[in-house]
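Only one chain is shown below, in structure tokens, and it's the form predicted on its own.
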């Protein structure tokens, strides 16, 4: 006899009435015991009620796995009330990890073949929710038949089930290609939306489907034009926009079909312009359609005027009151600034205004875009705006802002004086946030600008006198005062305000830096060295400097103590050499863009003159240049005259006298090829360490689809040592795009034959692929 139990409504009330967790568990345990007893007794009339209660318990997070088999019994029942609860239980309690889900395949197949729409809908919903790859393969034909059923209710659910099947088993795409073309003629928006989603999935996973559906671009254009031009419809309009969900889906599909295809892009250009100009942006629905339109315009081969229109739409988004829309606009403009720099530049004032947004994510995006907009024509104005932002920006943005300003000044500085002033202002405002190389870069810049030595030392002295808390600024100022202290004490500089400085004031300022608790050990080292150099640049007595240096001879900091001891020794034993040792540093040629550009131009001119002497084809010249890396040509002794046509002779310009000949080159090796993905190995053995082998792994993709999430792992026998460097990326673009390279360093001290085991994991054509293979045919030169 079945033990009486609570009804579902009474169970819910009792659980909600429990005052503690323990009371709730007690109620649930007692009711689960009743449910188990009912299942054991096999009561068919009340099985669906018991399972309904169990599903509620499952939703609260308690175990309910013992109801899985009851779901199968209810699904096989001829009663609709049983099937409804059974299918709901299957969706909640079953998944691919449990073998029980395969047992309902026949039941779903039988229900799909029935003519009852409600039962077919339940079966399709369950299949699209938890259908595994095996179930999809078995039931694909049944779903295909339902795609053309008269009932719109069944067709809509069948389309969504087909989307799930394609995601699970991409090779089923050929089954669903023919029905899609007919479903595009549907007037039911739900079916049309599902069909567009299905076609999108097919195109993303199958190059053949992508080529097939490019024929329906005119039909998609017609559907979207009808949506844009139709009047207000209560059933489909949202905020005055006709079915924005369907519009967004069609635009997304058009973007996929028009990518890298001139004819399709030309077909949709007029429509995209119409959507961009006629869509209302006062509501979120219109903004969503416009944003998808912008993405489509920028991704296909659209006309230049249309691209400008798309960027102007993003510019209008920057004026929207919604923060999310402004963030999306900033992110999109940042992605487009490289390809359409001049069009994005027109919205520079609006972007700069976004720097003052109180929202941290918006101001960070605006900062990244502002830095990307800096060029040689606007560097002065943009740097001024960025420096103004640096003074008031949140602390978490100061490091990025300071680094960006310094990098922009390095690339586009109009004059050296402006460059120095910009760096000084950044160091004064946010010195503690700059990177470590900022000090070295500024000292190098000042050292190479002889005409600005007096100007720089006066500016830095004034800044140091005002604030000694910014450590990078203090370090640069101490270095500059030590190098050019004599210029500081001379008469006024024409480029600065008159500044009268006494020797005692300079020494007192450096002593203040040494004694300050804010000074880091490196900063004290700069100040101590500056005092030592001033001992040869000041006209007064150097006893005060000698006393300060001797004090730090017993400093706890080892580095500072060593400097002080060496400087004391210089005073005591080598005083006659002090002036020569501490003389000014020679002028330094900077590695910046201005000097490097001139040097690069002159070197390129020399190389071009040399290249004109040779009459070999251009390809052979390139090979000669590549051979320089391996040193495959050339003799042990360089010939007296330099023959430009012999690439190997250039190598010996860098060789020391009597250097051994370079090692022979090692042939490259192709180790993997599948569906357009190729993996090649190239080898180099450095002459200084013969036990070391450098293996460059180069992956290329000539297929029609991108290879994503590419990972290459390697293993060697225990007698070897292997080090994998970071790869250059994890995405291989289609049609022979940029390759991915990774360096392997193999140490072979025993010179044993090398064996290499590789594992490749990647996504290609919508599938996850893993390949493990062993390379045993490595050239003998790699280990002998």
Partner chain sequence: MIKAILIFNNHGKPRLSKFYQPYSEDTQQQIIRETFHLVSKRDENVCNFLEGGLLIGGSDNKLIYRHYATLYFVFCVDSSESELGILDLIQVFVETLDKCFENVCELDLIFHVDKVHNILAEMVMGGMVLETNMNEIVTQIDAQNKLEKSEVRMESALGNEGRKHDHELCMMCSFHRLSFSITL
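Because the structure is a prediction, the values reported are computed rather than measured. Numbering follows the first chain given and starts at 1.
Keep in mind that the form predicted together with its partner chain is not shown, yet the notes after this line are about it.
Colleague: Considering 490, 263, 437, 359, which brings a non-hydrogen atom within 4.5 Å of its partner chain in the predicted bound form?
Modeller: It is 359 that has a heavy atom within 4.5 Å of the partner.
Colleague: I need to confirm a contact call. Of 453, 563, 307, 164, which residue comes within 4.5 Å of its partner chain in the predicted bound form, counting heavy atoms only?
Modeller: Of the candidates 453, 563, 307, 164, 164 is the one lying within 4.5 Å of its partner chain in the predicted bound form.
Colleague: Pick the stretch from 751-759, 32-40, 49-57, 733-741 whose residues have a heavy atom within 4.5 Å of its partner chain in the predicted bound form.
Modeller: Single hit among the candidates: 49-57.
Colleague: Is the gap between residue 185 and its partner chain in the predicted bound form 4.5 Å or less for some heavy atom pair?
Modeller: No, residue 185 sits far enough from its partner chain in the predicted bound form that none of its heavy atoms falls within 4.5 Å.
Colleague: So in the predicted bound form, does any heavy atom of residue 365 sit within 4.5 Å of its partner chain?
Modeller: Residue 365: yes, in contact with its partner chain in the predicted bound form.
Colleague: Against its partner chain in the predicted bound form, would residue 80 count as a contact residue? Criterion: heavy atoms within 4.5 Å.
Modeller: Within the cut-off, so yes.
Colleague: Mark residue 287 yes when one of its heavy atoms lies within 4.5 Å of a heavy atom of its partner chain in the predicted bound form, and no otherwise.
Modeller: Residue 287: yes, in contact with its partner chain in the predicted bound form.
Colleague: Going through 185-224 from first to last, which residues have a non-hydrogen atom within 4.5 Å of its partner chain in the predicted bound form?
Modeller: If the 4.5 Å heavy-atom criterion is applied to its partner chain in the predicted bound form, 185-224 yields 188, 190, 193, 197.
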